[in-house]
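Here you get one chain, nothing else, as structure tokens; it is the form predicted alone.
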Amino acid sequence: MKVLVCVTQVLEVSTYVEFTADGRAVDPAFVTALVNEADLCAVEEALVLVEHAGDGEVVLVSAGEGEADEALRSALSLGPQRAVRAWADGVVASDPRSVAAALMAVVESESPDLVLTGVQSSDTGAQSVGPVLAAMWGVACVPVGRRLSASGSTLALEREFEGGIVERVEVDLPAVVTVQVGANTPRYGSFKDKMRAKKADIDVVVPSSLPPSRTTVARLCVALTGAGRSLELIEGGPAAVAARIADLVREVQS
């Protein structure tokens, strides 16, 4: 069984923050780069699946420039066999379609039985890459999964909802599953695995084609806190609510 796990590097922002000159990114001096917590849970689910299958491999993939190698090596230290990085100049990191297209190039070259992602990134809260990747691949996507088990070409898993309700799901493979934060406790890698990860060769796959980006970061700002906050109840239909939200965004930007 081959499981491909998507790993991303997220930014932990300090209490005081400054932005780059163009206002579109956080100054690197005020952030710490970490492996996304949900992605580590996805790695653990993949390792358990392959161990129970008795044969196969766990392959990590990240869409990013050279700094993404750090996240891949950190996740490799838990025990996966290989890591691949996908990147091209046309990839837009803030656009889920662009990132998914880059990851899709690795999916096509690896032909995995299953692709796992974290349910969302801890910095931006984005939850789109997994579903978009599944749509591009033409397979089912099961979000917010945990306790995965495989039998032949069928994957069984749980999804937990509000109020402690648990849904048991079965899906045909290949498929994409986004793994819930806290779905498990990721293992600590052995010293041998840490040394192997440090020296591992990380292949780079260049996507042959990318969709035009529909998302760009216009500007970052610090949200108002304390006395600066206000609450407004917006009434009306969807069009009226959307129009008022657009007005509020323009007011903040002005």
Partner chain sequence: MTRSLVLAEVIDGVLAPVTAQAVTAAASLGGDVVLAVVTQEPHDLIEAASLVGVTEIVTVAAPGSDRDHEQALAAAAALVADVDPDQVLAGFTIRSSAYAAALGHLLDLGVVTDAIALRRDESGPLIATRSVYDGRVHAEVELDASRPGLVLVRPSTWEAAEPGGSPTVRSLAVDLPESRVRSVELVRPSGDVDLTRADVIFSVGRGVGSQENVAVFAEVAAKFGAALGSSRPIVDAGWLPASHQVGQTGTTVKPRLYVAFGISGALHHLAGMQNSQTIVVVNSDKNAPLFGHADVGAVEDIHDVVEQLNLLA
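It should be emphasised that the depicted structure is a prediction, and the values quoted were computed from it without experimental measurement. Here the rigid core means the biggest group of C-alpha atoms that line up within 1.5 Å when the two forms are laid on top of each other. Positions refer to the first chain, counted from 1.
Just so it is clear, the following notes concern the form predicted together with the partner chain, a form of the same protein that is not shown.
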- request: Evaluate Glu108 for contact with the partner chain in the predicted bound form, applying a 4.5 angstroms cut-off between non-hydrogen atoms, and reply yes or no.
  value: no
Touches the partner chain in the predicted bound form: Ser149 (any heavy atom, 4.5 Å): no
message: Can you tell me whether Thr154 touches the partner chain? I mean in the predicted bound form, with a 4.5 angstroms heavy atom cut-off.
response: yes
task: Answer with yes or no whether Leu231 is in contact with the partner chain in the predicted bound form, where contact means some heavy atom within 4.5 Å.
output: yes
- prompt: Counting only non-hydrogen atoms, which stretch in 68-76, 173-181, 85-93, 110-118 is within 4.5 Å of the partner chain in the predicted bound form?
  reply: 173-181
field: the partner chain in the predicted bound form - contacting residues of 126-142, heavy atom within 4.5 Å
entry: Ala126, Gln127, Ser128, Pro131, Val132, Ala135, Met136, Gly138, Val139, Ala140, Cys141, Val142
message: With a threshold of 2 Å on the C-alpha, tell me if Val17 counts as moved between this form and the one not shown once the core is superposed.
response: no
task: Note yes or no: does the Cα of Gly164 move by 2 Å or more between this form and the one not shown after the core is superposed?
output: yes
